[in-house]
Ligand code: INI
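One chain comes next, on its own, written out as structure tokens in the form predicted on its own.
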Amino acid sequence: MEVRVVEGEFMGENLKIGVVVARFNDLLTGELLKGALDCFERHGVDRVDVVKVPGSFEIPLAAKKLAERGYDAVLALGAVVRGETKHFDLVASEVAKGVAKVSLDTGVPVIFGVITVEDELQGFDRAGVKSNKGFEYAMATLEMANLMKKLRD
């Protein structure tokens, strides 16, 4: 029996990456973006284009436009903080569904880098105080971009 394992690498050369970042909760999303850009720079990504949208709900549409324009992968960054209403649940759910749909519809990896947190303190832990999830999401972006290139070849 022959077993072939195909995996993506964390190499940025010859990759064109799009990042969609929400401005709402920008204290958190700005840190996520810094972490992601640090990762892309360290791994030699040739080109990164950043598109800013008003909030997380607007991420899927901008991600779709980038995916349709020849980017190897798109990283969606946002922060949804629970409040006193059901708005949190609606936004978080619709953004997740929208990002997944863009990826499946276009065949371009769109990485869900939207943190959903109970409060700002938990958000700061995820956006840089304890670790920066933006860096981790960027690593997944690199891996999936490279994996998709392998699967196309």
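Just so we're clear, the structure is a prediction, and the values are computed from it rather than from any experiment. Counting begins at 1, following the sequence as shown.
From this point on, the text means the form predicted in complex with this ligand, which you will not see here.
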Query raised in the report: Would this ligand in the predicted bound form be within 4.5 angstroms of a non-hydrogen atom of every residue among Met11, Gly44 and Arg47?
Result: no
Query raised in the report: Quick one: does Ala96 come within 4.5 Å of this ligand in the predicted bound form, counting heavy atoms only?
Result: no
Query raised in the report: At the 4.5 Å heavy atom threshold, is Lys34 in contact with this ligand in the predicted bound form?
Result: no
Query - 4.5 Å heavy atom contact, Ala62 and this ligand in the predicted bound form - result: no
Query raised in the report: Though only this chain appears here, would Asn25 touch this ligand in the predicted bound form if you measure heavy atom gaps against 4.5 Å?
Result: yes
Requested in this report: Pick the stretch from 53-61, 102-110, 121-129, 66-74 whose residues have a heavy atom within 4.5 Å of this ligand in the predicted bound form.
Outcome: 53-61
